[in-house]
Ligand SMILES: Cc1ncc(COP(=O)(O)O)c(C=O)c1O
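Next up: a single chain in structure tokens, the form predicted on its own.
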Amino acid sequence: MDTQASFRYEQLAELIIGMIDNGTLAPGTRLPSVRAVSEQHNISISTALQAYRLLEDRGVLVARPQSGFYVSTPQRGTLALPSTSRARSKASTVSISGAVAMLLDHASNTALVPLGCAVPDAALLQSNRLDAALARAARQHGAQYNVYSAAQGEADLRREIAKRAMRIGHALSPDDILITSGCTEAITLALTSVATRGDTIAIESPTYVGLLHTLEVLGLKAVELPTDPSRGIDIGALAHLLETERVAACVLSSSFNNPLGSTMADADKHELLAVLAQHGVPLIEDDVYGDIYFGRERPKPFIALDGGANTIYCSSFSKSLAPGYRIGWIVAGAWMQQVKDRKLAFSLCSPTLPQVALAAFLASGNYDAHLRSLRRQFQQNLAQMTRTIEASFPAETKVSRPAGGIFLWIELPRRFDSRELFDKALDLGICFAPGDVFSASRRFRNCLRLSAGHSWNDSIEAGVRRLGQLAKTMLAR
């Protein structure tokens, strides 16, 4: 598209946003057809459609098949938000491996209602075009790609990732990027580059169970920071910690923390970066859910903000496109040489053929259309799951309201035991994640995480309702 057309579709998008903000276009209002808009504003149909797709991508509009585009309706929950977690007075030795193995075994069991899976359903990811690119590369140049790649990864893939980073204001060179086997390897490379066994790492609370497992295996301690279900960690608590304790690094989600779904505002991210810089503590950020946002714009990662130079950025395509390809990446800045050395020692390089296929898929432009569809599906799944929880769980239930990602965090009264619920649910063919696996100190026994990564259907709805009924029965004893 030429520069003038690009400018005009952005102008139209801003005009529509202004009409929504001043109340001219109310939630649920149907917008004029693409053809009508093109005639009214003397622009091409493709330019009008580009404006509508941009607003759909931002969550401002919703497309309804055979009907048109509508102003999206804000979600308003009737249940309270979960509590902000409490500060821990000292670091914890992590011991989570047994619980992780048990949870993964159950979460991968296709006979169970899949409320415990951290990986989206393959049917939703619709990776057929990516698979076709893989097959084509293997058929045409299989021998060429049946080799070790450079430790840093395929140049074409790194170039495509750098192009995407530009969209969120992060200027990257392909040389700044190293391809990893998923985000887990990226975080492991980062941790081993900045910390040694016995060091303390500051983390969100609750946090991703996989991070806790990595900390345990590396012999690192975890200190849990108070974390609000909407706004993220308590920066004052972090500042106090750094004034009193030696911390080797801070590991945080860029956006949509797993399991809370919390996201820090840009102003808070700036403040946090300043606190870390004052104490010379590096930040390792995990941005695997950044592309799964429901608002108007993708949240910026820490590394893209002023003051983000002391940040190691980790991400992957595992939650948005291809978990089986195991392709992630790391931007390590001043630690890049240490990361390269560890990559060579741990796995030498990442598989070449999947990288080539993914680079071709990204270059085709199909990824953005895929993301629009995926975001819409996950947002609908979470909305339906929330309504079912409101209708079937105890009145005292608290539930998160994430603006992205695929999880809901549920808090029940303190006397509730989600481990007991977990055992009862398994007997009924239902899997979810009990809350204590998301804490180094095994807190949150009265909480649970539900995944909305599978298409909503009668079986999943019945599973959520059954969990709510079981919770009511347990609390009534």
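Note that this is a predicted model, so its numbers are computed, not measured. The first residue of the shown sequence is 1; numbering continues from there.
Heads up, the form predicted together with the named molecule isn't pictured, but that's what we're talking about next.
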*Might residue 379 be said to contact the named molecule in the predicted complex, defining contact as any heavy atom within 4.5 Å?*
no
*Contact test in the predicted complex: residue 158 vs the named molecule, heavy atoms, 4.5 Å*: no
*Using 4.5 Å between non-hydrogen atoms, is residue 182 touching the named molecule in the predicted complex?*
yes
*So, in the predicted complex, is residue 258 in contact with the named molecule at a 4.5 angstroms heavy atom limit?*
yes
*Since exactly one of 393, 289, 361, 302 fits, which has a heavy atom within 4.5 Å of the named molecule in the predicted complex?*
289
*Given that the named molecule is left out here, which of 270, 298, 326, 372 has a heavy atom within 4.5 Å of it in the predicted complex?*
326
_Within 4.5 angstroms, counting heavy atoms, which one of the listed stretches 95-103, 139-147, 385-393, 318-326 is next to the named molecule in the predicted complex?_
318-326
